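Single chain ahead, written as structure tokens, the form predicted alone.
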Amino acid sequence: MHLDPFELHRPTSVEEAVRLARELAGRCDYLAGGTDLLPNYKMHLNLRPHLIALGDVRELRGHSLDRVGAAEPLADLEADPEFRAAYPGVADALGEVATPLVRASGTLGGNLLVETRCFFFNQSYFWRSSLGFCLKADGDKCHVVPQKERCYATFSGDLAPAFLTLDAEVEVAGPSGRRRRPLSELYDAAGDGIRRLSLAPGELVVALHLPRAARGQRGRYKKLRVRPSFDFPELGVAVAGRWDERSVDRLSLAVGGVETYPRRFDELTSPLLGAPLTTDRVDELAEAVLRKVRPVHNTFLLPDYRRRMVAVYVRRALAEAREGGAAG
């Protein structure tokens, strides 16, 4: 595998990066850590002739308990004990992303926006050409659910479910200016594996913002994958909240790795507020989430197994969050 030629641009500000993306519309990608994009380029997956490198844009770096720059390396977050203690579910997710070497280069924004995956898409050009290309790259039909309208590639990031449970907001810059909105609105629930984001052309994720109330909540992230290191999630379950033996004050649950977008289940957790978080209620919640998700056969593990493991991992995440107590 090799990289085809491309022109590299090095803006030094968010505004310059957005201007370049507008001028190169349809012919460019943003490049941060490159741990997902460049391997895809080597396999000739949706190549662009221009890359806008974000490494020199200082505004995209750095982190605090309130804000994380989109180009902040995951290893820098993982190495911050105060950040890990404040957000234990995020700390779990950080440690589950690929390998230490990948986390040294991979960035927050890259993981939030990581390409959806499917074993018909994530293959070499030679392999894909022998089968017949797919909707997501070079072809006109889906091989997972044979038809020509919808791509079923699966969301494959670890951090989004954990941050979704904390009511994080995403800051976006584009040709029309800047805006902040809930992280959940970054993902298009009505879209598919190709049209998975609600970003307008040329828009750039600048930072993630965390409310003060998110600090110190009980939280966990549990990940199912074939190998205990490196692999993308076949399933990721995140929980966060505040509760004691008498009642639940707050509870949020999000799932990734089984559909085209990471999904929060407020309609299932809201009825649990104000009452004890008993084992029976956890079991009911786990089974309710299982009934909601719809994985398909596009990863190494069979969809029925992944679906059944959703309930198992919801129980495990809540059990560990209950035992671990609040963060320091």
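One-based numbering along the sequence shown. Owing to the predicted nature of the structure, the values given are computational and were not obtained by experimental measurement.
Below: the form predicted together with a small molecule, not depicted.
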- prompt: Within a 4.5 Å heavy atom cut-off, is A213 in contact with the small molecule in the predicted bound form?
  reply: no
- prompt: Going by a heavy atom distance of 4.5 Å, is D36 a contact of the small molecule in the predicted bound form?
  reply: yes
- prompt: Would A286 sit within 4.5 Å of the small molecule in the predicted bound form, counting heavy atoms only?
  reply: no
query: Does S156 reach the small molecule in the predicted bound form if we count a contact as any heavy atom within 4.5 Å?
result: yes
A254, A240, V205, A168 - the one with a heavy atom within 4.5 Å of the small molecule in the predicted bound form: V205
message: Whether D29, L113 and R225 jointly form a contact site for the small molecule in the predicted bound form is the question; each needs a heavy atom within 4.5 Å.
response: yes
Region of this chain that lies against the small molecule in the predicted bound form, out of 79-87, 232-240, 246-254, 175-183 [heavy atom, 4.5 Å]: 232-240
